[in-house]
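In the form predicted on its own, a lone chain appears below as structure tokens.
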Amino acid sequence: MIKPLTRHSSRRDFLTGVGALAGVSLLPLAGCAKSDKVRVGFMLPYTGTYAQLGIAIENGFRLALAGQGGKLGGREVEYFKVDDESNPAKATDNANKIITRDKVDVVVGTVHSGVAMGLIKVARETGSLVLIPNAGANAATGELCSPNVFRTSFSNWQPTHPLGKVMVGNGHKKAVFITWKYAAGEEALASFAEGYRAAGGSIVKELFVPFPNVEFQALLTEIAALQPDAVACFFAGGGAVKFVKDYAAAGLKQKIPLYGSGFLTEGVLDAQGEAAEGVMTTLHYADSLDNARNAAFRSAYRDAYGTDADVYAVQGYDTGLLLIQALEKTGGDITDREAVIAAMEGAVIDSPRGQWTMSKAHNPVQDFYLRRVENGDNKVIGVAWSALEDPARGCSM
């Protein structure tokens, strides 16, 4: 087993350890040496709450490769899948299945942060190359960072950090923050608080709802009594729909402006309807971004899959672009792990979200956009923060 990275471990130490295990069956290098094809494994949710996210990520990835004739570095690609069911309890077993059984060269996964932690554990032990297309857990590119693990989406620290500067700039210096009581919500709150206080704002109260509870009425009554300048929040999916509708129904919408991480309105605007109008969010993507790459991507995605792309499809697409760029530089050789890692670290991705680069901790350095819901669309009204880099606390690569 490779010695896990510590604060004193180095990339060279890690790669040396991987090389020493070249004959161990867990390593994807062993499978690659016997095949002319690049073996790509998807460890994503294909059933349950996050199934559509997993499908969108895979679709985006395949669309990126379609632009290369379906190849990576001139080599044919063979795909393998495991449904991780967004179940952290099964994460280690599922990761071992796709790495040990299928001997993939690279794992693309996953959506759920708890599942990602299990996948990273196996990746750190085996040296397997892992590309995270969504899960935002700060630890993935923080204290658990690893030379062979890259993220192409965001850290939980990033989306809410720009909100503080935006809100204070709009004159909202006293705020309430409300979120689910779970890891992602707590990380979103911590980042918001850091940015908001640095900009001169003060958090009147932090309010929590047990995950995945969607009973908000008592807390909305408390918000009304507190009378903050504004409310910031972190919710997603069905919970975001219910919160935005309840916020409006409680009569707060016209009195206390509502802000949130972009996932508050991403992909759920149709369900939120009129209640979402005017809500402001920050995220690294918006459907209406005005750049040539985004226009071409959205057109190609609709032609290929008969539906509109979303942020998850973009993240899958960019994961494909990152791997394409790396294997172009290595002539299709994915067994030269040090060269592949170096190529990814130096990548500049021309994305539908705008150009981004990879941080030293292997997390995107990217723009975050200020969006306001107008006529059922997350309209981009400016850049909330240019080239925002996650602080990667605890990472010592």
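Here the structure is a predicted model, which is why all the values come from computation and not from measurement. In this text, the rigid core denotes the largest set of C-alpha atoms whose superposition between the two forms falls within 1.5 Å. Numbers follow the displayed sequence, beginning with 1.
Unshown form predicted in complex with a small molecule; subsequent notes refer to it.
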Do His161 and the small molecule come within 4.5 Å of each other in the predicted bound form, heavy atoms counted? no
Tell me, yes or no, whether Phe42 is in contact with the small molecule in the predicted bound form, where a contact means a heavy atom of each within 4.5 Å. no
Is Thr281 close to the small molecule in the predicted bound form, meaning a heavy atom pair under 4.5 Å apart or at it? no
Taking the small molecule as it sits in the predicted bound form, is Trp356 near enough to touch it, meaning that at least one heavy atom pair lies within 4.5 angstroms? no
Check all three, Ser113, Asn156 and Ala184, heavy atom within 4.5 Å of the small molecule in the predicted bound form: yes
Interface residue in the predicted bound form among Tyr285, Tyr312, Phe177, Phe150, criterion: non-hydrogen atom within 4.5 angstroms of the small molecule: Tyr312
Quick one: from Gly260, Gly320, Gly127, Gly136, grab the residue that has a heavy atom within 4.5 Å of the small molecule in the predicted bound form. Gly136
With the small molecule left out here, work out from 327 to 335, 345 to 353, 47 to 55, 359 to 367 which stretch has heavy atoms within 4.5 Å of it in the predicted bound form. 47 to 55
Once everything's superposed on the core, is Ser155 shifted 2 Å or more at the Cα between the shown form and the other one? no
Threshold 2 Å Cα movement between the shown form and the other one for Lys181, core superposed: yes
Core-aligned CA displacement of Val106 at least 2 Å between the shown form and the other one: no
